[in-house]
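Coming up is one lone chain in structure tokens, specifically the form predicted on its own.
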Amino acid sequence: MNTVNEKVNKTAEKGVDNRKVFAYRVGIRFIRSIAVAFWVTVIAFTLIRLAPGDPAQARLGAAAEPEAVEALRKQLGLDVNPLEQFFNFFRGLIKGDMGISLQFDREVTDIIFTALPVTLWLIGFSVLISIFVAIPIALFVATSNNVLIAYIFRSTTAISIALPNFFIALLGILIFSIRYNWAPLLGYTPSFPENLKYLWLPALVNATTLVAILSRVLYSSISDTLKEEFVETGVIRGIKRPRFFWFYILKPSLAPTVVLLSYIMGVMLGTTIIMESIFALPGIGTELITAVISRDYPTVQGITFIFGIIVVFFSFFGDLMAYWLDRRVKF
């Protein structure tokens, strides 16, 4: 009896130790993520100042008097050295103040909180469509054991990945907007669900490439999982079909796909500028490009910092999800 109790106590202690180790690793990863976001801001701050051009001159025009340009530089806080400018920016960032846009005379936080939801809606809708399409396709192809189906799948996904998004977008506009009038050409409504009317077509365009990438990765992962011994054990035990597909095939195979998806979602923050430009969506990518062209330092710094935070969060959340799906993954 004492031996049994000792084993139970040791198992409990081991469980507590594992939770402590996991919490420690999560904490370390969180601190590293904040550090990465900070250095992204530093790099963006440096690069925008190395680019040719003067924000004050760009704002007043080429014909402006030198005295007026110098006065505006002083007013905007650009007359001090870059190191002091960075400390001023970082001090304001701690207080939640990212400064005033040099181009629009609006608070940068106001610009970000107005434009960022458009981009996040677009990314979220694209990912949702991709998940609901990619998982059944990958599962069907991997479990079909049909060489012809696998060949068609690989060929189709290769073509989807090779086609540029702007070409698919223009084709989608030609078919769904001009010919059938199913999607509006211009405009945007921020309220839900009215905004989906403007987002479904650009999200569908994004999903064409995303489905191809995710389904190929998931197909490869499922094919490897089917070779594992525990899958044969599940078949022998006669596990019910839904439970078997989720716990024995899909769940252990999703970890690499989730990690890849979290990375792609971070990348999509920057690449959605193409969709936002084609479909005239007032997203954060459009604001960033406008700010870079006009040398709007506070807006570029603020948007880049938010980009860094979101990308790091996506990566962090993706790793957590991968660990939850498959404990063999090292966090």
Partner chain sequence: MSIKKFRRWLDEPGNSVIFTGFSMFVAIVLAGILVPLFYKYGPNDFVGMPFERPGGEFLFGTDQLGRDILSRTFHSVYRDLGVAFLGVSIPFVVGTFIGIILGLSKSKKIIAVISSVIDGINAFPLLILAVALIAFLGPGLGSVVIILALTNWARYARIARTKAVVVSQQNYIEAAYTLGYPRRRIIRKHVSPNVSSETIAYALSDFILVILLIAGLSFLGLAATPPTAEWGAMISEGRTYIINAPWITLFPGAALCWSAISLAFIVEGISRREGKV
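For clarity, a rigid core is taken as the largest C-alpha set superposing within 1.5 Å between two forms. Just so you know, these numbers come straight off a predicted model, no measurement behind them. Numbering follows the first chain given and starts at 1.
Same protein, other form: the form predicted in complex with the partner chain, not shown, and the subject of what follows.
- The candidate stretches are 121-129, 173-181, 198-206, 251-259, and the one lying within 4.5 Å of the partner chain in the predicted bound form by heavy atoms is 173-181.
- With a 4.5 Å cutoff on heavy atoms, residue 47 counts as touching the partner chain in the predicted bound form.
- Though the partner is left out of this view, residue 312 does reach within 4.5 Å of the partner chain in the predicted bound form, counting heavy atoms only.
- With a 4.5 Å cutoff on heavy atoms, residue 274 counts as touching the partner chain in the predicted bound form.
- Heavy atoms of residue 40 reach within 4.5 Å of the partner chain in the predicted bound form, making it an interface residue.
- Between the partner chain and the residues 80, 93, 71, 163, the one pair within 4.5 Å by heavy atoms in the predicted bound form involves 163.
- Proximity of 136, 210 and 217 to the partner chain in the predicted bound form is absent: no residue of the three has a non-hydrogen atom within 4.5 angstroms.
- Scanning 286-304 for heavy atoms within 4.5 Å of the partner chain in the predicted bound form gives 288, 289, 292, 293, 295, 297, 300, 304 in sequence order.
- Once the rigid core is used as the reference frame, the Cα position of residue 264 differs between the shown form and the other one by less than 2 Å.
- In the core-superposed comparison between the shown form and the other one, the C-alpha atom of residue 292 has shifted by at least 2 angstroms.
- Comparing the forms between the shown form and the other one on their rigid core, the Cα displacement of residue 121 stays under 2 Å.
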